[in-house]
Ligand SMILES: Cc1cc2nc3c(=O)[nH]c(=O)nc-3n(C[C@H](O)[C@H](O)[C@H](O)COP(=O)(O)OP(=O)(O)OC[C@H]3O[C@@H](n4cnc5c(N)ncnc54)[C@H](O)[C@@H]3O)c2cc1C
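Consider the single chain below, provided in structure tokens and representing the form predicted alone.
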Amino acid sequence: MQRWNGWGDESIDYPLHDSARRYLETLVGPGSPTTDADQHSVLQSVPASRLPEHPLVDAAPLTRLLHARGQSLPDWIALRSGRVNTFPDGVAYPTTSQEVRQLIHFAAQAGAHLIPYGGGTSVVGHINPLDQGAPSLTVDMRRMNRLLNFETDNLLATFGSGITGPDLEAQLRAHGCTLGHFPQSFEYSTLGGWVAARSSGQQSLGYGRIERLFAGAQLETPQGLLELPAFPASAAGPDLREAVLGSEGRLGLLTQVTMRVSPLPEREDFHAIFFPDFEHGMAAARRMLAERLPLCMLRLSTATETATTLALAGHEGLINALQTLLKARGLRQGKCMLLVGFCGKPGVVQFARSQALAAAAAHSGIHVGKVFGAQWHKNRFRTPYLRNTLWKLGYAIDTLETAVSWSRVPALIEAIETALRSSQAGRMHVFTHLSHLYLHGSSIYTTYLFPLSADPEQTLARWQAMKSAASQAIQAHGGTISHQHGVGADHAAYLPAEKGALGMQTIRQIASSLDPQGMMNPGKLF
């Protein structure tokens, strides 16, 4: 069963070794565990629904609680403290496009706002009902989850938009194919959510971000059905798929999505390379990109994240042996780890590996084999469970991300980390990696950890100060407000600075043309 106030399945934990706990206590002091509200008491605070009865709508308090919040730190604070101040008035589970149209009509007649819901994994407030006076209806798309059509010759697959990552990959695997889109939320997030939030998967270097994979769709809007046919390419005017990508439910509900898929790779290898410092690692990665090597992933950690990763990994014997090896090769404090992914036919993998290792060696890189890469690959969807463990120990942990051109990467990392540290009183731990690398720039993914306060409002206030300071630093240094998490409610205030007044007017007018009553997910994106 999925946790109602945390991440993932209740049966799965991410234990921390004693050495890892001591490491965290050394950095930020002992945690401050808090007492979580029990579900029964939170259910007592769910108000009566304001929606008329409808055969497709479930207004039970538990159903509404389970759809009230996503996975951001403010969402966790609200759920764990029992201070959830808004709930959807009902939740619907359509199984067909016709039922989706019925629900849009019902919401319009009831004067209700309509919130699309996929896996509930949003970390920027996409799915949270807002207190705007009108009732809200959450539409959970996860029962529209079948493979509807597979075109073998064209390598196109059409799915119901509510399909989750594991189900999508399982159905493609039966045809010898993969989408190759693996965000950290892969186990629970949905295809429709990936498109609506303009998602990026961990192996985007090889398979592409969602916009490269997205071929066509059917979007049910308050004005009717918008059909987006799949073409290999087209010069027939502006591409309306680009308007749907990143639209975050403001235009309508995605019901069917057609994706470009790839044959399953015959081989996948993930290797670790260590560098004397971040600058050497970045230079090596940029050289691999410039040579356009057939890689499926590059992930470069700063020195602080590298040290943190090794400290939290457990396997003390293996880590000690690694540290001894690297010291003997001259890598001590300041060393940085680069993970490199190779996917494809064995010959292609062998060629890419030899060229990548040559590029790394030219920048003083030390190749340590596949052990650490294999461990990362094995645990990449378990890592979010660490949030549950840390909360129990009395620590809050959150992330933020951006993307910027290469010349600005070092300064922006420093600015973000400095802004976080200087924005609140008390000790905290901050570390960063580059998770999606491009020829002309990179994403920046920063994690920050700090002890919880006894008062949840104080924890929330500290987070707000940190988030605001980091967001301002991102904009001041020319970064995008979001590389992969979308805008939602948390980033909406920063979007005008990135799009400009005319750009925001254009976005609003597109939304208004498809949703003249403003009923679709108001308060998100703009």
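We number the residues from 1 along the sequence you see. Model, not experiment: these values are computed from the prediction.
What comes next is about the form predicted together with the ligand, which is not displayed.
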Practice prompt. Establish, in the predicted bound form, whether Met141, Ala196 and Leu254 all lie within 4.5 Å of the ligand, using non-hydrogen atoms for the distance.
Written response: yes
Item to complete: Find out whether any non-hydrogen atom of Phe526 is located within 4.5 angstroms of the ligand in the predicted bound form, and reply yes or no.
Response: no
Discussion item. So, Thr158 and the ligand: in the predicted bound form, are they within 4.5 Å at any heavy atom pair?
Written reply: no
Worksheet item: Are any of the heavy atoms in Asn388 no more than 4.5 Å from a heavy atom of the ligand in the predicted bound form?
Response: no
Worksheet item: Can any non-hydrogen atom of Ser122 be found within 4.5 angstroms of the ligand in the predicted bound form?
Response: yes
Worksheet item: Out of Tyr117, Tyr207, Phe275, Phe450, which one falls within 4.5 Å of the ligand in the predicted bound form, going by heavy atoms?
Response: Tyr117
Worksheet item: What is the one choice in Pro74, Gly365, Pro183, Gly373 with a heavy atom within 4.5 Å of the ligand in the predicted bound form?
Response: Pro183
Discussion item. I need the one stretch from 307-315, 223-231, 123-131, 324-332 whose residues put non-hydrogen atoms within 4.5 angstroms of the ligand in the predicted bound form.
Written reply: 123-131
Worksheet item: Considering only 483-501, what residues come within 4.5 Å of the ligand in the predicted bound form, judged by heavy atoms?
Response: Gln484, His485
